[in-house]
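Form predicted alone, single chain, as structure tokens, below.
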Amino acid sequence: MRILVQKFGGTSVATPERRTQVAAKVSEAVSEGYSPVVVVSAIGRSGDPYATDTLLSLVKGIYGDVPKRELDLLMSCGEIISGAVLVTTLQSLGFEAVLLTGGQAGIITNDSFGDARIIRVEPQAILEHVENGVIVVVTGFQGGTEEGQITTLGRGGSDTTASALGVALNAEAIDIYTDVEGIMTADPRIVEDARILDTVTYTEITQLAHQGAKVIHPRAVEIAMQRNIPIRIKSTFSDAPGTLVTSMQPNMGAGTDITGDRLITGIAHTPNVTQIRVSMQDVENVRDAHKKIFKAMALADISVDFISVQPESVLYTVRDEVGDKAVQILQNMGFTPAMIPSCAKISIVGAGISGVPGVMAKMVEAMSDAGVEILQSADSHATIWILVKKENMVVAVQALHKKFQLGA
């Protein structure tokens, strides 16, 4: 039995015409000998009648502090509606199809309503239907606790559902269908000659996703990577081959060619962040101050990023909307923080970066030539980050894309 998991996003199921295109992708998988297991998101995006954000607005407009358990019950409706409509579409075309909620499909989670984590998957119900030739449609984004409570998996949860099912069912592949034709070297709205990548590694796409690329949720990649199940990012609306996500380094040949020839895979960006700098001058116990700063941020539920801890200062970033709150907390603790709001974090990602000299030099040269000031930088084995002012974000991404010759 060759199982293929196919996940379709909200835009893919938004209209009858698009759902017909989804059904064609499912039919194609059947004709190729697969037993498809289909995961669906809620119909459309914010503003559409059954989109998740639209459902949320129904209750938050009445009373803002809605219990998380009840919010999960409400949000789960979007995928149920979407799944029921798709099953009906498939049946109208002559296919046997059945809808299972996340809990019915065997996705068992903890009870962290709104951002639940999958504990395990018990796929027996899916397998019984598949063995009888039935196409199983599963509601993405949701699962159930041991006690049967409905939970949701947080943003990007439908991707996570697809990967979890792919692993549990030992699928041959996980196809993520969106409204784009694959993963690109940069945001095409910023870089005109951005091109689609044929292949990326799990590490590369996870880094790109964490740093702002929104094609797939990083948690989904991490799950698929556990069993080395290939992910293919494709468009519902074309026959383009898309991007293959795998453990293999792209461009790897036989014999002595063990490094490949692609240094940089792509560029991602995250706008609307605030840099905070806390001087350690005149601080008697620097290590104690470091501990207090980050503990205070955690207690205030403020997520920190781009952290640089030095004897003379502490630098980190927060989202713009909590920048003033973070500064106020630090001032109340007796610090005198400096802040630069409206920044952007730019990341260059490539599995080939590690151990290669000159990458940072080229990055700095590109920023200098473009007249962009680097406010902060950091690196890891597969990523180099820089922080710039948001007003310089577009020119910085374009300059880096050109410098590393990523264009089509």
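Residue positions are given as counts along the sequence shown, with the first one as 1. Predicted, not measured: the structure shown is a model, and the values here were computed from it.
There is another form of this protein, the form predicted together with a small molecule, and it is not shown here; the text below is about that form.
Note on the interface: of 135 to 143, 304 to 312, 181 to 189, 113 to 121, the segment with non-hydrogen atoms within 4.5 angstroms of the small molecule in the model of the complex is 181 to 189. For the options Lys60, Lys362, Arg45, Arg69, the residue carrying a heavy atom within 4.5 angstroms of the small molecule in the model of the complex is Arg45. Val215 is the sole member of Val215, Ile329, Leu169, Leu90 with a non-hydrogen atom within 4.5 Å of the small molecule in the model of the complex.
The small molecule in the model of the complex comes within 4.5 Å of a heavy atom belonging to Lys7. Using a 4.5 angstroms limit between non-hydrogen atoms, Thr11 touches the small molecule in the model of the complex.
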